[in-house]
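The structure tokens that follow cover one protein chain in two forms, given apart as structure 1 and structure 2.
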Structure 1
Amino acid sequence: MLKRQYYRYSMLAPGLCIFLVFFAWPAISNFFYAFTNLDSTFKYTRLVGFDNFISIFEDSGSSIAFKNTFIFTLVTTISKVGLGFLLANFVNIKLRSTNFLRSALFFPVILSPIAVALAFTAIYHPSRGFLNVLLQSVHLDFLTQHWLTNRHIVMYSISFVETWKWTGLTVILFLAALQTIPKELIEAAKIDGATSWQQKRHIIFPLILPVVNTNIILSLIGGLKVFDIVYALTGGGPGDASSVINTMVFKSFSQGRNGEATAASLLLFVFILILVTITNKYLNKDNRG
């Protein structure tokens, strides 16, 4: 009996060690360093309490980064989930080109974020970019913009790139959920005279609600953690106009202010935890009845 107990623990030990060394210990260390004067050599001499957090909130650039992060998260979550649902319904229809369309929609997901950013840097070029050239060719010159250097629209330009890249993933998840709905339910609703909107509202949407929740949670987390697309497209500029929390963390690390950088990382973790917990609790309210 005793040998059986040891056997179970011996099987758990390798995985537990990997988790503690590569996940638990770095997380605990980051939490601790957020309250120290950790310098560019990754050494600290004393605890500073909440000084790092106070410095973050007193920095005017931080408020812009937090605001941009929440705008980016809101815009991309709504667009990815909304557009993903519409496209999933479209490619769920039997067409000769259905398989091609599904592959084409998922293709951007497998691309490198840096490659995508470089491509869109060219597309967004104010004079030679495809987007402005297209608008000029259809006599819509008044819509042409400096997409990445106009501080009023730069976050929306970046949000479009994020939406283009990741909507394919939400489409695939929605499509998998739509294909699990029994056709008999839809046929019975049609016989009873239900309109297309009534079918979606009373049959399809309640059945795919868990996947809706999953897509919203994934989009929220992805939006709050954004870094690569923003850094590759604008580097946080012009000025701090497109800076987000993770570009602020990167900037702090590069300037040797490691204590503030770890504090900002901890704040981001807390924001994600709170937002995802509240959202998950609200979205699952109906499922729990």
Structure 2
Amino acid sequence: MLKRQYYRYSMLAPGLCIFLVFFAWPAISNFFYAFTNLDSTFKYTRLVGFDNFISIFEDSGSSIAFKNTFIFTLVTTISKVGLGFLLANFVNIKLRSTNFLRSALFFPVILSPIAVALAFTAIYHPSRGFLNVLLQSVHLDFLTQHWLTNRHIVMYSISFVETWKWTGLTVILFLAALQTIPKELIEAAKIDGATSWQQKRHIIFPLILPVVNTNIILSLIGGLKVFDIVYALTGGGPGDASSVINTMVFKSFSQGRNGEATAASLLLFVFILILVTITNKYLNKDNRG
């Protein structure tokens, strides 16, 4: 057909080639290099089987990094999706402040993660930071903390910053989905005597399930991939107490242990694949990606 000539491969090619060379190819070649003894000059002499993975798992610093990444991913996914759902329902009600509130909720999303993280180092400052000062002023002194240097709570402090920054995005996505639900449907349910909880459980939730799925996947990926916020808030410290997979990758890279760094990258890749597949399987009813 003549028409076909109008949609040319030369239109597809420039973007796709850049994507394949600079995104897809590194991802694919990573599968190979993770099994080599890649050194600081990016040369390898032999295949080493699973040695890189074994040395990652034997290193105490990296087991902390894996644990932290999972804690961070779990906490931020629950808080971003949970809070996002509640807030979306809240700003879906017409109040005087609704429009302002929607814009305000989204505002942190546009800010630079580095700027946000550095601002929070001030909020978390142990002696003069707003958080501890606030707790003291309401006589909850016993709750004051060294938020970023106490190794038991540092991951949760960082998780809060991530939640603060990104919840607006899940709110906006939930809100868009909520607004596509026909009002008649809710009206009909009310007439039939459905309680507010029953409406949510049996009408609203099934209808917005695809967006729940999207939000969970976005949060999981964002959590597993985290780097900038952690790096700017603590640099992975104190010690390795707040290191995550991507700070570990950077550390291996900067020490020239590139075999291990590619192995860690590959693990991250695999974790994301597994979690996304599981989430899709359980939440995406028509089973399409």
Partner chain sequence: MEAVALLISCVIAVPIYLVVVNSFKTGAEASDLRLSLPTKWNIWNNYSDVFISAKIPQALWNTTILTVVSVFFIIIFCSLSAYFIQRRDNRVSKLIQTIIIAGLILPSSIITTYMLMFDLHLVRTYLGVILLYIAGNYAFLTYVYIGFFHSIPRELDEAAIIDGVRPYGLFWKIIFPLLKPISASVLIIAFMSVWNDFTTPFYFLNTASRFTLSLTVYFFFGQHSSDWNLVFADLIIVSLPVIILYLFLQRYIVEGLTAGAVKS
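No experiment lies behind these values; they were computed from the predicted model shown. Only the largest set of C-alpha atoms that superpose within 1.5 Å between the two forms is called the rigid core. Numbering for residues begins at 1 and runs along the sequence of structure 1.
Here the chain appears twice, and structure 1 is the form predicted on its own. Once the rigid core is overlaid between structures 1 and 2, S10 counts among the residues whose Cα shifts by 2 Å or more. Relative to the superposed rigid core, the position of the CA of L20 differs between structures 1 and 2 by 2 Å or more.
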